[in-house]
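We've got the same protein chain twice here, in two forms, each standing alone as structure tokens: structure 1 and structure 2.
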Structure 1
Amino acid sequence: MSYADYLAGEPLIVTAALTGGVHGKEANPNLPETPEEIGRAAAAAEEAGAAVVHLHARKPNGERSFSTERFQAIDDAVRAHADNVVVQHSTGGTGAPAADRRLPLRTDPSPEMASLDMGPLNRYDHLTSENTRGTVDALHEEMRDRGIKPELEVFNDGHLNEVHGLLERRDLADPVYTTLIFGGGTLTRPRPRNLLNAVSNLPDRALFNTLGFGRHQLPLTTMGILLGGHVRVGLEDNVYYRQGELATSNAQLVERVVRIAGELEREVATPAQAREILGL
């Protein structure tokens, strides 16, 4: 994907990351945690222009959950409230056992997509995720067996090497879908030139999605639109609308990026168009 794709009018896929598994309502009381809250947030995000919802599950006390049953309850709520949005589950695990990471893949029906972290990473003072190649390959195998498209999450330049290595080891269906992630810790520093470098080092067959944490969400996703890629926004990645002002909802963040895409004359993909682009 490139600036030429932007000029050619490639529709923009907007993913809404609704809740995450790190911060909760103590960071922003508008962040959804229960299945019912997440289901309603998914419907509002879809109405605002999101084609994909990225889902984490939480226990009743708000802590992160990997249980199949909890993901099932969320999926049921999303499908009850939303129209046709693409469901994407997280398998990312900061400190979670590898066996638990498989549980979000085992709902009925399976999610259409699931995240696949491409290597180890640290965030904040206490969060780490190991993601050995063995874990990556095992999660990929279960996704392949269940017909789930992997979303390759690239947190730093080393993970770009791992994307190339995975494509050499495994047979991934085209188009390969990557998310380029920028933030603190061992993530790539959130600088415009680093997004350009990351895009230039992707495999030729790869599409990309842009994710910037916190205040970097707005400028980096805007760059992603211009570079012909896709974008992810939402309260998992950024609880603020602007400095000092909490976002009122996931839908508010989706509405802003859709508005920017409109000003840049980039059509926003419907869920049906997103499925066609992603080969779901």
Structure 2
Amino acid sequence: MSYADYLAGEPLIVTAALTGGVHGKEANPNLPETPEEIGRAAAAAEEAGAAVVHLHARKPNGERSFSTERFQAIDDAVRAHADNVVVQHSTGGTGAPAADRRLPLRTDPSPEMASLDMGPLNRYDHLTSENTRGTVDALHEEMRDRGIKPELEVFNDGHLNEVHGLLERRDLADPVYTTLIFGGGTLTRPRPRNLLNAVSNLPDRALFNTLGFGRHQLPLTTMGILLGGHVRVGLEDNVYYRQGELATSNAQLVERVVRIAGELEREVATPAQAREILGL
């Protein structure tokens, strides 16, 4: 994907990351946690222009959960409230054993997409989310068996190497879909030139989605629109609308990126268009 795709009018897929698994209502009371809250947030995000919802599960006390049952409850709520949005489950998680990481893939029906972290990353002072190649391959194998499209999450430039390596050792269906992630810690440093660099190092014909944490969500997703890529926004990645002002909802963040896309003459993909683009 490239600036030429932007000029050619490639529709923009907006993913809404509704809740995440790191912070909760203590960071922003508007962040949805229960299945009902997540279902309603998905519907509002879809109404605002999101084609895909990226989902994590929470226990009733707000702590994260990997259980199939909890993801099922969320999916049921999303499908009850939303119209036709694409469901994408997270398999990421610091410290969680590989067996638990598979559980979000086992809902009925399976999610259409699921995240696949491409390598290790650090959290806090002493935590590493390992994501060994063995874990990556095992998760991919179960996704393939269940007909789930992997969303390859690239947290830093080393993970770009891992994307190329994954394509060499495993058979992924086209189009390969990556999410380029920018932030602190072991993530790629959030600078415009680094997005350009990451895009230039993607495999040929791979699609990309741009994810900037915190204050970088707005500028980097805008840049991603111009580079012909897709974008992800939401309270998982950014709890603020602007400095010092908490976002009122996921939909508010989706509405903003949709407005920007409109000003940049980029059509926003419907869920049906997103399925066609992603080959779901």
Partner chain sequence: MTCPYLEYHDEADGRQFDQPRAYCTAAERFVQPMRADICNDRYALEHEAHCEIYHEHAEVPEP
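Shifts are known only where both forms have a C-alpha. Each residue is numbered by where it sits in the sequence of structure 1, with counting from 1. Note that the structure is predicted; figures quoted are calculated from it, not measured. By rigid core we mean the largest C-alpha set that fits within 1.5 Å across both forms.
Label of the structure corresponding to the form predicted on its own: Comparing the pair, one sees that structure 1 is the form predicted on its own and the remaining one is not.
I need the moving stretches between structure 1 and structure 2: superpose on the rigid core, then report runs of 3+ consecutive residues where each CA shifts by 2 Å or more, in sequence order. Shifted run of three or more residues, which all move 2 Å or more: only 123-128.
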